[in-house]
Ligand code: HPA
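Here's a solo chain for you in structure tokens, the form predicted alone.
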């Protein structure tokens, strides 16, 4: 069995997949957090792995940047490989009172992309995380002492040349971070009847012009991956 973008055997993926954007992040998670790990796909260098965490099979795979790429991989994982839960693990640009390194659980994701509107008959979809996954992540974080914030985020199609009036508009509506995937992932999960959650760390502050170092990003990724894996086993 294969798809245009995934070259894996039937049953190669677990029912839960962690989906960072960068395939090298996927490899890092697989090598440092999972045991008995097997690489199951490398088509287009979008690496995917399946291993074991606390006795349960879990997969991790890169999903690329932006809603379009994420939606391609998520759709094929769900429709062809039977994946039922997708947890995005990535980074974002914070605004307002967010702090570098802060971990956000995205409860909802607004967007300037037309992806959900096209699929929702031209209407505006309220793209939301799965509540059970969201609650699980919040509870696990509380038990382990990991500081997280449940927040609303904005998924943009534009990494460069964004609307200069966007940040004040987002802050007015209580949105505290900008990223590129969650709204599309949530809309797709709602339509496909599966669970999805985005766990994202503030790697840059869009107003202050400050950034995490490479080492800090890696440590934040490890913490988020562990949180996601604990939810996968709950």
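Residue numbers count along the first chain shown, from 1. Nothing here was measured: the structure is a model prediction, and the numbers come from that model.
What comes next is about the form predicted together with hypoxanthine (HPA), which does not appear here.
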### Query
Should residue 91 be counted as a contact of hypoxanthine (HPA) in the predicted bound form, where contact means heavy atoms within 4.5 Å?
yes
#### Entry: 4.5 Å heavy atom contact, residue 203 and hypoxanthine (HPA) in the predicted bound form
yes
### Query
Is residue 180 close to hypoxanthine (HPA) in the predicted bound form, meaning a heavy atom pair under 4.5 Å apart or at it?
yes
#### Entry: Contact of residue 131 with hypoxanthine (HPA) in the predicted bound form (heavy atom, 4.5 Å)
no
## Note on the structure
TL;DR on 143-151, 77-85, 118-126, 92-100: the one with heavy atoms within 4.5 Å of hypoxanthine (HPA) in the predicted bound form is 92-100
